[in-house]
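Presented below, as structure tokens, is a lone chain in the form predicted on its own.
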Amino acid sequence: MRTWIIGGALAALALGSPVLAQDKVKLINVSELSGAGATAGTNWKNGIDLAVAEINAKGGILGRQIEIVHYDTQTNPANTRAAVQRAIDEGTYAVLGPVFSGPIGASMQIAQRAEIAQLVGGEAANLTAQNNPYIFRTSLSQTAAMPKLAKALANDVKAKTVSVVWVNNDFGKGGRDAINAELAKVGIKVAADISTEQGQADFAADAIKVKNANADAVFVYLNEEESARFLRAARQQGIDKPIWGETTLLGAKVIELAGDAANGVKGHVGLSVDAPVPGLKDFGRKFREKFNYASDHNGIKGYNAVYMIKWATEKQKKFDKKGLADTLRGATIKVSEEPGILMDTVVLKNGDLDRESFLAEVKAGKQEIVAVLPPVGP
């Protein structure tokens, strides 16, 4: 595993004073820097690094600089378990990552046993349904997003039937189950239920199945690269039905890889640098300046994770690993208190989040926000 460390040594030398180990707080990120999740994991890592640099430049957390360490899980559940255990053995204050739901599910009991908060990027509904008081999302869960999508398909598209295309991993299975349940509630029938594989290269056969089903709309729930491949295959097959999805389908990397085939795609977006929210727009500008490309939602999630830790630590006025989780659980974090959170956010008791989200459409190769959706609320 490769390791990158950002510490406060240079800043301290500039001030003419040495940095001792106890002057730092260690955070360890375990994420997908290679393998199928590399796009998501790299965005997540870069968002973390941006937040750490900002916080350290302003004096750190309670006067202590953040030392950030990144371990590459290679999108492998076994590697993820080993990396989380290593992070705990090395004294991390909290665990950041991973992003993919499968590796999260395979590793989160390790952090739970150590009573250390784990802030993750996954959206699979089952992650926060296991009574684990140390798991915290940085994004909306499938159970929060899918009702909004089903209502849009029923009210905006007027769809009576939908083809569902999903990836056969924990992320995809959870999304498929959640959207199918919500479609049933609004009276929409699933015309075709199409399973695909993580890392799949050719989607021609799946696009033909969608075309033959002739549903009123298509719902796509795949990882980033696979989403782009499916959209290109759908364009090649001449599919002209509305194509909808969740945050992943409308991400910057998907739009880049799919090209013109992404135009017209619509869906629910939990986080976006294109949203009409000052904090998100400012983050997008800073991210592009630092990394020379546009962040997707995973970059925002990584950034938020560090600021959630900062907020909770300052709230409890000390570095207490177990107290960090206790403080986050049930918290309401306002931008007025911590601008780095970017949007007012409620952390539910089970680790899920509630906040505003958005409906978006890809137009002329860019994601445009077409509606702001309110929090789910009590």
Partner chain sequence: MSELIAYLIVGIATGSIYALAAIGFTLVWQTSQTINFAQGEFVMLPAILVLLAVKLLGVPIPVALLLGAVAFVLLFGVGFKRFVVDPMLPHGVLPLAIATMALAIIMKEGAKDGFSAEAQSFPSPFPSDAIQILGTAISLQFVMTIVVAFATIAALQWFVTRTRTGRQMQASAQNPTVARILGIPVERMVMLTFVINAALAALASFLISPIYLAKFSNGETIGLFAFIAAIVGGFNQVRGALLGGILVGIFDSLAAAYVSTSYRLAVPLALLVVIILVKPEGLLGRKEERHV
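Numbering follows the first chain given and starts at 1. Remember, predicted model here, so these are calculated numbers, not experimental data.
The same protein also exists as the form predicted together with the partner chain; that form is not shown, yet it is the one meant from here on.
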Evaluate residue 143 for contact with the partner chain in the predicted complex, applying a 4.5 angstroms cut-off between non-hydrogen atoms, and reply yes or no.
-> no
Going by a heavy atom distance of 4.5 Å, is residue 36 a contact of the partner chain in the predicted complex?
-> yes
Exercise: residue 170 in contact with the partner chain in the predicted complex, heavy atom 4.5 Å | no
Given that the partner is absent here, does residue 182 sit within 4.5 Å of the partner chain in the predicted complex, heavy atoms only?
-> no
Residue among 241, 286, 81, 232 with a heavy atom within 4.5 Å of the partner chain in the predicted complex | 232
Please pick, from 130, 155, 214, 236, the one residue with any non-hydrogen atom lying within 4.5 angstroms of the partner chain in the predicted complex.
-> 236
Candidate stretches 344-352, 328-336, 27-35, 53-61, one within 4.5 Å of the partner chain in the predicted complex by heavy atom | 27-35
With the partner absent here, would 272, 361 and 376 each sit within 4.5 Å of the partner chain in the predicted complex, counting heavy atoms only?
-> no
Determine the residues of 198-212 with a heavy atom within 4.5 Å of the partner chain in the predicted complex and present them in sequence order; the list may be empty.
-> 200, 201, 202, 204, 205, 206, 208, 209, 211, 212
